[in-house]
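Only one chain is shown below, in structure tokens, and it's the form predicted alone.
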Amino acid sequence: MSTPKEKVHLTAAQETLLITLYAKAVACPEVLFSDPKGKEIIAQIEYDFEQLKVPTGTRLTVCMRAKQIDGYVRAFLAEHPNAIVLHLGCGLDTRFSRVDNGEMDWYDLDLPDVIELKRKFFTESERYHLIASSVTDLAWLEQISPQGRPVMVIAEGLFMYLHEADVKALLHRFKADFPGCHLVFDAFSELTASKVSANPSLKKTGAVIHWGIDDPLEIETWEAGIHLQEEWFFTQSEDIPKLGLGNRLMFKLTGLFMLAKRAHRLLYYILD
């Protein structure tokens, strides 16, 4: 007898977690990214993933983004093995299992119904923790006690759904609570933020984009002690040569124009 599958009941914005889960676990070429744990989760969920109609470009950038962030985390942990890593808006992502070094403490945070679903597939431990909260309800930060340990914060596919005032409030608290912390997130340009809601996958979920930023140095002006380390473009991915001709040409053309490169990219800051 087959095991009953989990039914998914999420709000519009939360349903976007299924886009990234599907893109990384099933729709991504194996030469680009592999997510075995994600495949296991999809096999246990009762949901028609094909109805999401995830465009090829979205599938590729989701996987490239995940691989690059994994790389950032591994590099950070290589220097700070006993660090604390916070993954905001974690969804059903399996990053902890992909980058675990056996020493760090990891916190996955998402809305209560998402965490309730995540508990069906992930088990907390002494080093792996689940926090059920809105990221903008800053009371959740009281659950983190670094005690002098280095901290890295990841926000993957999250900040664009927040208002700028919420992003500013988060950075302010990170600086105050975790001085010297590393922060990695992906951001849309202002033009992309205004247009991307037409994406067929997002239209299916009804999620709304609120925030985009053109010049990453602008964030340094929000508050003293915010330092941009890298603005990483998808056109920099080392995996582009592994793609088909059409996709290689797409990334090559994108790389010719800063406006296109900044449509969606990763930003890395240190908050002193």
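In this text, residue numbers run from 1 along the sequence as written. Small disclaimer: the values here were computed from a predicted structure and weren't measured.
One more form of this protein exists, namely the form predicted in complex with a small molecule; it is left out here, but the text below deals with it.
Only one of 153, 111, 193, 104 comes within 4.5 Å of the small molecule in the predicted bound form by heavy atoms, so just point that one out.
-> By the 4.5 Å heavy-atom cutoff, the listed residue in contact is 111.
141, 135, 77, 187: which sits within 4.5 Å of the small molecule in the predicted bound form by any heavy atom?
-> Flagged contact: 135.
Exercise: residue 121 in contact with the small molecule in the predicted bound form, heavy atom 4.5 Å = Outside the cut-off, so no.
4.5 angstroms heavy atom contact with the small molecule in the predicted bound form for residue 161 = Although the small molecule is absent here, residue 161 would touch it in the predicted bound form, with heavy atoms inside 4.5 Å.
In the predicted bound form, does residue 263 have a heavy atom within 4.5 Å of the small molecule?
-> Residue 263: no, not in contact with the small molecule in the predicted bound form.
Report yes if any heavy atom of residue 17 sits within 4.5 Å of a heavy atom of the small molecule in the predicted bound form; otherwise report no.
-> Judged by the heavy-atom cut-off of 4.5 Å, residue 17 is in contact with the small molecule in the predicted bound form.
Go through 177-185, 161-169, 78-86, 145-153 and give me the stretch that gets within 4.5 Å of the small molecule in the predicted bound form, heavy atoms only.
-> Going through the listed ranges, the match is 161-169.
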